[in-house]
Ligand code: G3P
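Quick setup: one chain, the form predicted on its own, written in structure tokens, and binding and motion questions come after.
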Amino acid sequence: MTKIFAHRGASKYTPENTMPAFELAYAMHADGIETDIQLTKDQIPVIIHDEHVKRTTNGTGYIKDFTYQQLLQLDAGSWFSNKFSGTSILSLDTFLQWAKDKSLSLNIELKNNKIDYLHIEAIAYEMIDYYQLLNRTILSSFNPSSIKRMKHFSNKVHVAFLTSSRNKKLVTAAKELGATDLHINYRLLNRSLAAQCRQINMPLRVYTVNKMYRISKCLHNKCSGLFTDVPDQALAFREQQINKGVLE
């Protein structure tokens, strides 16, 4: 069955990539959570999508130029709504502690396609291993070099190549990089690609899918997962399709 991942948490309803977003996604019974990490000046992996803090906090500057303690002083909730005033940026460590005892799959995207953070792959891997979460975690990246660097531990954790580029040999290209999984922009999804992935047992997941007809397309192509800002709506639609006997 296609797993429903809450994209940056339940990000339609709460400030993305924050504890309120993750807690709401869990309360909605999402199958998994997708989130993003960058590295601070003191090499702490923190959960935020952009390389710069301006869009989702009351600060300005690049993540790489802040220490973790400095980032904690920023407000990561008020931009979304005053209701979330005072919400902090999370560390990956805090997020994994929270997720450890919950029945959630995790997708941790390494945001290293614009700034290729040194050792981010090993730092994330070791932390996930410490919390004994390797068996339900996917590490993903748009950066082909990063995927290659993760090849040596892809037998212990799923490694997904992220792409929005059209390529007739996409599955082969992902496999050659060392990826175990493929994550694609919803515009790339078609029956042929889904069949190719199934043929070699490569999990295929689709981002970012918020409209019902796109969610339906993912379900009917038997994708391994989809990423959505509205996990409650996607879950309700999947349940409806199962009840109708359209999905197994």
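Being a predicted model, the structure only gives us computed values, none of them experimental. Sequential numbering from 1, following the sequence displayed.
From this point on, the text means the form predicted together with this ligand, which you will not see here.
- In the predicted bound form, this ligand lies within 4.5 Å of some heavy atom of Phe142.
- At a distance threshold of 4.5 angstroms between non-hydrogen atoms, Asp36 is in contact with this ligand in the predicted bound form.
- Heavy atoms of Glu121 never reach within 4.5 Å of this ligand in the predicted bound form, leaving it off the interface.
- Residue contact with this ligand in the predicted bound form: Lys111 places a heavy atom within 4.5 Å of it.
- Exactly one listed residue, out of Leu162, Ile89, Ile128, Ile147, brings a non-hydrogen atom to within 4.5 Å of this ligand in the predicted bound form: Leu162.
- You can rule out all but one of 148-156, 103-111, 166-174, 81-89: in the predicted bound form, only 103-111 has residues with a heavy atom within 4.5 Å of this ligand.
- Shown without its partner, the chain has His7, Arg8 in segment 1-30 as residues with a non-hydrogen atom within 4.5 angstroms of this ligand in the predicted bound form.
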